Every structure is written in structure tokens, then in C-alpha cells.
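Before any questions on binding or motion, here is one chain by itself as C-alpha cells, the form predicted alone.
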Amino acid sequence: MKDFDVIVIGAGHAGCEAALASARLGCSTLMLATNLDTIAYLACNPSIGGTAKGQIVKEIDALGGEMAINADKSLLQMRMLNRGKGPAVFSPRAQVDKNAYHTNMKQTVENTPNLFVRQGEAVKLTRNADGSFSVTTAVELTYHCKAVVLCCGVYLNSRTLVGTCVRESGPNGFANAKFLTESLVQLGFDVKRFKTGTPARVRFSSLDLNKTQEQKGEEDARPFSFVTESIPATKRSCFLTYSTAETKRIILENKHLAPIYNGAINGVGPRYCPSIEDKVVRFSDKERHQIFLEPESEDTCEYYVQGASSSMPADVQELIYHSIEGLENVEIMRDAYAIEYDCIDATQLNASLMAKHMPGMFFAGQINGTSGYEEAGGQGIVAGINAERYVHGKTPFALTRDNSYIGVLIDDITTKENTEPYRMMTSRAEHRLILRQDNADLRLTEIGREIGLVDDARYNKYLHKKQQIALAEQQLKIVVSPKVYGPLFERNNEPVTGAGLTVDEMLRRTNIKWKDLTELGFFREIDADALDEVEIECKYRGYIEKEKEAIAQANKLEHKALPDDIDYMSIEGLRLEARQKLNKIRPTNLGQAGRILGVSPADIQILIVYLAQRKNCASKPI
């Protein structure tokens, strides 16, 4: 069979980003999918982005990935979440057409040079004596490669559960992958069992929308991708409703039938995306919970009942959904279900997402114990980049906690032993004021350009934005008399001091926006996205400077490397738990060591002393 530089196993959101990155960087790449209909399939909610996740999508885009572009192409509506809070947590969220999203991404991968797409279940993965890999499919075809990226999603030994009805299948009835886990175990990987779930899909015409609150997209919303010029007006609305006291009663009376409570499910579920029965039990003081009704596609009447995932028997599901406001007569088209699956312990990977004990073998997406399309895509592009770099003998590439949410995500999963599916949240990023959705291009485009994924068109747009920011910053120095700015300040409830103010000083006032200053003749020829950037930097300059100082302080530990050959068990003074964790995870630097659960600040101080003593011993003449 044909040899490849890279084989990507899986064609979900991680697999697509990994395969596209590898192929675009010049590697002959094979992407294997159990079913070509699963390429970029939105198995759960028909949306891209959201709190923290929107930042990741922007970062994938800035690096030269595809998720943001594809979301813009497939858009039903766009909103910016958390507008009532600070810009550090502004998060774009798109409702997308799930069928168009799949079709558009499939067309993209099919038309990418160097990328070969093949339907087939990978059933065996072996490492050859020369360090290459062989992948055998269920129909006994064997492919060889220099590097392999596993993006298996929730398909490994997966099974779906609706009450006592248990099927050996992947999501939405797609076939699962039954044999690859055995190869992973034989190759030395620790495997665990996680679970997630999805709600029912219901017929739109059976909803009583008079009992719901319509949520249209924002007409002034901006695209996900920095290269998309504009997005269409809202095509479909979402609707907000609530569960009721009757919902709670039904669930509590039938709790014993739920697989998550009667022992039928062995996998650990996501804490931050629980089923409706789990929410009712865990938050028993609440009488109702928010439910969002979301369109699946322009070519179907199916709506997704966000916030009401379940694994209850189908007849109980009927009772639950009929008890929700506006769903009293709802017609269920697809049952809700839970799905459990195999994944690996991601602490066996380094920051490039390559296995520490298996050079050339990379992992991305839910196989690493994460949840979400966006987290998968972020890992996928990093794994794809590093697969290419491994093949061509380049230095591994890694993002960091201070330059991206993707860096936070990868650092978290590779240093902390996650006992449940990992979901990105803004609270996980200690430098979130620096890692905003609006400046992802300024943070990462140069990196993407150096890697080779950012083309000339994207790079020129980035340079244009930087030029626009520079022009705006020049105007910040201009002094304006109180006679000129006084009427504007009075209208906006800002005190007039009687002294001249620079444009910078005016823009730092709480109630003054850049749009207000256009009335005075400023910023009229400058793009809105550049002005948004300038305004945020002005208003939050003090906080941003403190954040940069904190980053510089933290980087002192990040730059103190830990040699690969350290025997932590032999270091006196380290607590036993710290020795065991450090020996298992093998951090690359002191900063990473300090983020390992079970390693205390006192342990880090002991490591600092140990490194100093080791350096002194090495410098002494023999």
C-alpha cells in the first residue's frame, strides 16, 4: 500500500484540523474516517464557540486553521456572550447549520493538496523497528507512515444508552471503533472511561413559542474568522424556556431508571455539562433550569433542546420534555442518549501532544479526555503542526499559557490528571485579560506565519490591522480643549474638568467610546476592529500592565528547564506524593512542575535547590 508522511485516524474536528495542517505544510497525509459522513460532524449541539470556546476558535483561525472560516460559511446566527461583563470574557458564539458545516468541511479536505481521504476503521496500530508506524483497517488494508495522529473522538469502544437500551455504537448511530483500544494498551497507554450525553431533537412546528423568549442573532456581530469580510443576517432564531416543578418531580420519581444512577454507566461524565436528571439531583434547591431551543439546520425542522440531555428511558423522556414550558405537545424526533467511550491519560503526552514514550505518535481531541468541538480543533492543529515538524526533523512547537487558551488547555491536560471530561472555561486562564477574543490575531498570526500556515492574504490583513492600530494610537496623543469635548462629556454623564485632555485620556473615561470621539473628528478613517482593540487597551491599560508583569514573573520558572534524566524518587526533601507525580508526568520546566496536582510550592523550592546543586557539581573539574 502507499506510504504516507502522516496518518490521521479520525475525521472529527481534531482530525480535520490535524490533517489540514499536516497537508498544508507539505506532508503527504492520509485521513481515515470510519464513515465519510462523520467528517466534521456536529454530533451534539449545532453551535461553534461560546464562553472561552470562542477564544479558541479565534486562535485556531489566527494560526491558519479552518474551524472559524467553516463556521462563518455555515452560519445561522452569531452572538457575543458576556457583553455585560468585561472584554476579558467576551466570547463569540455561532449557531451553525450542522449539515452545511459537515458539507463545507468535507469539500475543504477533499480539495486540499497532499491530503487523501479514506473511509475505513483503523483496527490495529503498530510501531515498526525503524520507528515508523503501520495502520491496518477492518478490510485488511495496511498503510505506513512516519508519524500518526489519533483523533478518535468518542468512538473507541463507545456505547450509547437510552434507559436499558444499550447499543454498541458511536454518536447518532454511527459505527464505533471496536479494536484500536487494544493496540493502545499494547503500546503502553493508560486508558480510562469517560461519558457524555446529548438531548433530544424535536419538531419545530410542535413547539409553543408563545411560552418562550426568542433570541435572534446580533445584526452587528462580527465573523469568527479574521479573513471573513462579513456574515449574513440571522437565518434562524433560538428560543429560551425553562424546566418546571413538574420536570423536577418526574425526574426524582424516576431517578432509579437513569443509567448514571443505577450503575449501568461506568464512565465519568462532565461536571460542567450535566444531564437534566443530574442537574435536578445535584441542584435540588432549584425549581427550574434554563433550556435553549436551537435550530439544527436550514434543511430540517429539527431543534436541539440545549440543557436537557438525558439517558432516561424513552417513555420517561417523553414525560420530561412535555413538562417543559412551551414543549407540552412537543414531538420528539430523536431520543436523548448518553455515550461512554475509551480515552487515554493525557499526562502521557508532552506540550506538542506527542506521547512521551512513543516518538512520532500524537493525540488530539476527546481521546485526550477533553470535551467540545473547539477544544478538539485547538488540539488538532497543534498535533498536525507537530506531526509535520517531527517528519521533517524540526523543533517541536508548543503554545503557552500566556499566549493562548489552547496553550492553557494543553498544559492543563498534560500536567493534571483529569478525572472527568475537561472543558475550557475563562476561569482556567489566569491571563485572560491578555488572551481576549479580539486580539487572537495579534497574538498568534506571526506564529502561524513562521510555521507556514498563514498565507499572504491572511498576513496582509493582519499587517493592515496593525497599521490601523498605529494610526489610531497617533491620534491618542492629540490634546483637546474642554470647549470641544465639553458637550460630548455632558451628554455622556462625564465630568468636565476645565483642562485640556488627550484623546487617550478621554477614551479612558468609562462612558466615552471610540464611536463618540468620531463626533469630534477622530478615528473616522480607521477600521472598527482596530478601534475596538485600541479602546480596550486604553481603558484597561493599568490592569494589562500588571498582567504582563505577572507573566514575566511566571516565565522565570517556565525558563528553568528540568533535565529528562532526573530521578525524582531520589531527591531528599520532596514529599512522597510529589516524587510520584513528578516521576510519572516528567514536567519539562519548573513552571509546569508547579501546576501538577500534588506538587506544593515547598516542593518547587526544593527542586530549585536541587538544580543549583546539580549545576555546581557539573561545573566542577573532574
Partner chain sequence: MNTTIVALSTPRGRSAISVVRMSGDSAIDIAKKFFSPFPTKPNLLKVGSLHTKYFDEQAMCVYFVAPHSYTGENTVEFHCHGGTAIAQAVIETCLDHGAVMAQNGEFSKRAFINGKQNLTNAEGIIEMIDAETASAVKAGANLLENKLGKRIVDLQDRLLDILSACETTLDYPEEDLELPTATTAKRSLQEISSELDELIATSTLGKYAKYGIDVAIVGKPNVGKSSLLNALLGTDRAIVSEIQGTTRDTLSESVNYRDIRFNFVDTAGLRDTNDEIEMEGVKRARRAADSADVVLHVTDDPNDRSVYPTVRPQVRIYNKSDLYDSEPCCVDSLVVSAKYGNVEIIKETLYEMFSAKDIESSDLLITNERHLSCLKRAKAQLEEAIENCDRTTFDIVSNSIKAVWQTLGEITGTTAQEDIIDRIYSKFCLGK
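Numbering follows the first chain given and starts at 1. Since this is a predicted model, take the numbers as computed values, not measurements.
Below, we turn to the form predicted together with its partner chain, even though it does not appear here.
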Notebook entry, point to check: Which listed residue (427, 502, 493, 467) meets the criterion of a heavy atom within 4.5 Å of its partner chain in the model of the complex?
Noted result: 427
Margin query: Can you pick out, from 547, 516, 335, 325, the residue that has a heavy atom within 4.5 Å of its partner chain in the model of the complex?
Written below: 547
Check: Among 580 to 588, 554 to 562, 33 to 41, 58 to 66, which stretch has residues with heavy atoms no more than 4.5 Å from its partner chain in the model of the complex?
Finding: 554 to 562
Margin query: in the model of the complex, is there a heavy atom of its partner chain that lies within 4.5 Å of any heavy atom of residue 286, even though the partner is absent here?
Written below: yes
Note to self: With the partner left out here, check for me: in the model of the complex, does some heavy atom of residue 341 sit within 4.5 Å of its partner chain?
What the structure shows: no
Item checked: Touches its partner chain in the model of the complex: residue 346 (any heavy atom, 4.5 Å) -> no
Margin query: Test of understanding: in the model of the complex, would residue 306 fall inside 4.5 Å of its partner chain by heavy atoms?
Written below: yes
Checklist line | Partner contacts for 84 to 120, taking its partner chain in the model of the complex and a 4.5 Å heavy atom cut-off | finding: 84, 85, 86, 87, 88, 89, 93
